[in-house]
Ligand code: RIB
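So this first bit is one chain, no partners, the form predicted on its own, shown in structure tokens.
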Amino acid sequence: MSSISILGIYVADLVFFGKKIPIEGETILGNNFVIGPGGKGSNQAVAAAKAGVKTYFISKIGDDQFGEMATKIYDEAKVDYSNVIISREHSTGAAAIMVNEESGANAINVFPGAAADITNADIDKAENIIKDSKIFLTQLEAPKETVLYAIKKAHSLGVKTVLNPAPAAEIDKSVFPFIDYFTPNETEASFYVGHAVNSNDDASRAASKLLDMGIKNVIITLGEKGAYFANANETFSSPIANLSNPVVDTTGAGDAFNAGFAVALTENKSIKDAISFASATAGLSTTKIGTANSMPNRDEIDKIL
């Protein structure tokens, strides 16, 4: 059975809902507050496992209450966390998330905690699960040197690599040829190419630049405008999924997209079908409050496809 290995961080999400997101120096009265599991890599691992593929998560958490919240959701979602190190020296990270109830927009401050201490040696310890995976997925919330080391290692083991470059950060250009799939959103794409990415035309220009840097396949997610794909052979736009329920919280939608995409690739779906599957996973995640808790199961995804 094909599997996915995911490197990333787990943090506890402290989510505040209000009519607006406060600006600097401003205090507002919120309408709701939720604590739940978060961190891009962790969200992706939960989403991939719930979408029906054997999923290994590589990370580091603290031996504390927030860490217990992590292992509980991994047990529920059937994520293999045998490569999540539980550290007595570090506390588990946390993220403060402000959500605008009217639009679903958010602003986030992340403290990685224990996950900031993931090392190359930890990646070496996880080599067997990476080697046995069909897809290796990661982001840029864990220490960057370790993330880039892991991408090169996965590539050297013959495993297809997906980099979700979030949050956007400088990447040494020598790493680009080791990336099979690069999945920025509009903001992240504009960081790497130096121009705004709002429309399909912008995405097309950006994708060309990214392909020239040595990346093999580029998928730029464009919010409600869908996604834009490009490689050396083809380019196309893919619409968002048709949802019957309203959007209530977009937090974690990018994580759901990346997880859904990785799941579809492990199942040998075509690129077009993989992006449709990813869009369905992402769309469904926005119809519920929360991040990891809002990830859809396989039946829900198949139903809207």
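Numbers for residues come from their place in the sequence shown, where the first is 1. Remember, it's a predicted structure, so these values are computed and weren't measured experimentally.
The next section is about a form of this same protein that is not shown, the form predicted in complex with the ligand.
Candidate spot D13, D255 and T291, all three touching the ligand in the model of the complex (heavy atom, 4.5 Å): The answer is yes; D13, D255 and T291 each reach the ligand.
Though only this chain appears here, would I97 touch the ligand in the model of the complex if you measure heavy atom gaps against 4.5 Å? I97: contacts the ligand in the model of the complex.
Quick one: is A230 in contact with the ligand in the model of the complex, heavy atoms, 4.5 Å cut-off? Judged by the heavy-atom cut-off of 4.5 Å, A230 is well away from the ligand in the model of the complex.
State yes or no: in the model of the complex, is some non-hydrogen atom of T251 no more than 4.5 angstroms from a non-hydrogen atom of the ligand? It does: once the ligand is placed as it appears in the model of the complex, T251 has a heavy atom within 4.5 Å of it.
Hey, in the model of the complex, does I108 get a heavy atom within 4.5 angstroms of the ligand? Close contact exists here: in the model of the complex, I108 approaches the ligand to within 4.5 Å, heavy atoms only.
Choose one stretch from 23-31, 265-273, 37-45, 59-67: the one whose residues place a heavy atom within 4.5 angstroms of the ligand in the model of the complex. Of the stretches listed, the one contacting the partner is 37-45.
Using a 4.5 Å heavy atom cutoff, which residues in 135-154 contact the ligand in the model of the complex? It's fine if the answer is none. Read in sequence order, the lone residue that approaches the ligand (within 4.5 Å, in the model of the complex) is E141.
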